[in-house]
Every structure is written in structure tokens, then in C-alpha cells.
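Okay, here we've got a single chain as C-alpha cells, the form predicted on its own, with questions on binding and movement later.
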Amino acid sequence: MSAAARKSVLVVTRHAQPGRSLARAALDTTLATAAFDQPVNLLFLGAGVLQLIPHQDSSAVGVRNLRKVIDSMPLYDVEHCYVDTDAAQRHGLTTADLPSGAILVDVAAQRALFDAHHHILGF
């Protein structure tokens, strides 16, 4: 595939996991994009950072924990996982809670991410 055909994609997830199909849709879209050999990054923004809480039990709402999928993203050539610094702090997440290789980004870095990608998909 030519470099021109490989447009970078940023998938932005803003919803907490339990009971939200949008959280799963964001991860599925990320994996599907990577499967088609497109450069893809994932940004957890706002309440989306709640998907990163380790060892969540979401069985009460009848959904599977998405953290295992998130942790496996590097195996599927997802280039980077970015995390909203302000939201992580607001929800009490520490770097130890984040997936391996996650990059904390402030508002300025988030703007740069949006500017650096050809396509932005929000969920």
C-alpha cells in the first residue's frame, strides 16, 4: 500500500465502559483499522479514561471488561494509546493504573494529536 493511501486515524473514546456500546465500538473500530494496515492511535478522553481502571467487574450490567482488549492493542499494531491527563487525575488514575506504554497528554498535546491525524473518529 502506498504511503499516500495510508491515512492516519485517531479514534477518540469519551464514554465509560459499563453498559455503553460506544466504548466497545471505539475499540472494535481501532482494531479493524489496524487490521487493514492503517496507522491508528487511540485517545481516552474525559469519562473514557474510566475504561482504563484495572480489574473492573462489569458483569452486573452484562458486559465484559474491556481492559483486556485495551491491554492487547500493541499486539494488533495500534501505534499509541493516549490518555487525557486532566481526566485521569480527576478520576484518581495513576500511571500504574494505565496500560503499558500509555502516554498522558494535556490539552495542548491533545490539540496536536487532532492536527496530526488525517481522520478523527469519535465515540
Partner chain sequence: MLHTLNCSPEHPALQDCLKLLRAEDALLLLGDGVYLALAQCSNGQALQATGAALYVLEADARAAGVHARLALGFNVVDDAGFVALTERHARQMAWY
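Treat the numbers as computed from the prediction; the structure is a model and nothing was measured. Residue numbers count along the first chain shown, from 1.
Heads up, the form predicted together with its partner chain isn't pictured, but that's what we're talking about next.
Visitor: Is residue 105 close enough to its partner chain in the model of the complex to count, meaning some heavy atom within 4.5 Å?
Guide: Looking in the model of the complex, residue contacts with its partner chain do not include residue 105, since no heavy atom lies within 4.5 Å.
Visitor: May I ask you to state whether residue 16 is within 4.5 Å of its partner chain in the model of the complex, using heavy atom distances?
Guide: Contact with its partner chain, no.
Visitor: Does its partner chain come within 4.5 Å of any heavy atom of residue 90 in the model of the complex?
Guide: Because a heavy atom of residue 90 falls inside 4.5 Å of its partner chain in the model of the complex, the answer is yes.
Visitor: Verify the contact flag for residue 45: yes if a non-hydrogen atom of it lies within 4.5 Å of a non-hydrogen atom of its partner chain in the model of the complex, no if not.
Guide: Result yes; residue 45 sits at the interface with its partner chain in the model of the complex.
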